[in-house]
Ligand code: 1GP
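Here's a solo chain for you in C-alpha cells, the form predicted on its own.
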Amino acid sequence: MKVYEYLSSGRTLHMTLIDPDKAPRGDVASLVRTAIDAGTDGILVGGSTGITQAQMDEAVEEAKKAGDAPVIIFPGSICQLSSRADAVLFLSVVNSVDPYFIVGAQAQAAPIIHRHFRNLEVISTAYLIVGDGGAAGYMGAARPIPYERHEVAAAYALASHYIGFMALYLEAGSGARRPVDVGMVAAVRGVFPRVLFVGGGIRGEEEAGALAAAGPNVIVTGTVAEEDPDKLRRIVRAVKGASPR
C-alpha cells in the first residue's frame, strides 16, 4: 500500500516525530521501538535545523530496522532526504513571506528527488504555521496565523485545496505553549478534503483526543516518546478512540 493511501484510510492515525539532531546518537531505534510499542502508526523524521544528509540516512535506516511502521521524511531543508525512507512530505510553507520557502527550495529539491530519490513517494504538502510557530516558523520566515483566527487558516486551507496539495500540515511548532485550536482544525477540515496533519504543542491525552475528534487524518507528537512512554500510550489511545465530528 502506498503511504498516501495509508494516510487516507479513514481512521485517525497517530505519528511520532523524531528529530535526528536532538536524539542522542544510536537512540533513534530505541525511540521508534518505544513509539511502536505505544501504538503509533508511523514515524516522521526531520527537523528545522542542523541535520546533515548522513544523519538523515542513519536515522531513517535505524527507524526502518526498528519496526514495520512507515517512515516519512519531514524535511527542514533540501539536505534532509534519504532513499531509505518510504515517502517525503514535499513541504511548501504557504504562509511564509519569503518565496524561497513557498517554491524556491522546492524547485531546488525537485530535480534532486527526480534524479536520485525516485523510490521516494512524494506527497505535496501545504505547511501552515500557527500561533508561536517555533523554530519552523522562524526558519521558514512564516507569518504565523494567530490561534483564534480560524477563518484565516480556513482561507489558506481552501486555497491549498484549490491549488491541489495532497496534504496540509497545521503546525503550532515544536515546544509551542499550546496546540492548534480545536476550532481551527474543524474549520480547516471543513474546506480541505485531503490528508490533514496536526502537530505541535500536544502534551496530553485530553488535548490529543479533542483534536482527533475534529477530524484530522493524523495527530503528530514528538518529545513525549522520549520523556514519558506511558503518556504516549495514553495519547495514542485517545487519538484512536476519538470519534470524528
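No experiment lies behind these values; they were computed from the predicted model shown. Residue indices: 1-based, along the sequence shown.
Below, we refer to the form predicted in complex with the ligand, which is not included among the displayed structures.
Trainee: Sort through 186-194, 200-208, 62-70, 27-35 and report the only stretch with a non-hydrogen atom within 4.5 Å of the ligand in the model of the complex.
Mentor: Result for this chain: 200-208.
Trainee: Would G104 show up as a contact with the ligand in the model of the complex if we use heavy atoms at 4.5 Å?
Mentor: No, G104 stays farther than 4.5 Å from the ligand in the model of the complex.
Trainee: Within a 4.5 Å heavy atom cut-off, is L13 in contact with the ligand in the model of the complex?
Mentor: Looking in the model of the complex, residue contacts with the ligand do not include L13, since no heavy atom lies within 4.5 Å.
Trainee: Determine whether any heavy atom of S174 comes within 4.5 Å of a heavy atom of the ligand in the model of the complex, and answer yes or no.
Mentor: Although the ligand is absent here, S174 would touch it in the model of the complex, with heavy atoms inside 4.5 Å.
Trainee: How about P20 - does it come within 4.5 Å of the ligand in the model of the complex, if we only consider non-hydrogen atoms?
Mentor: No, P20 stays farther than 4.5 Å from the ligand in the model of the complex.
Trainee: Which residues from 219-240 come close to the ligand in the model of the complex, meaning a heavy atom within 4.5 Å?
Mentor: Stretch hits, in order: V220, T221, G222, T223.
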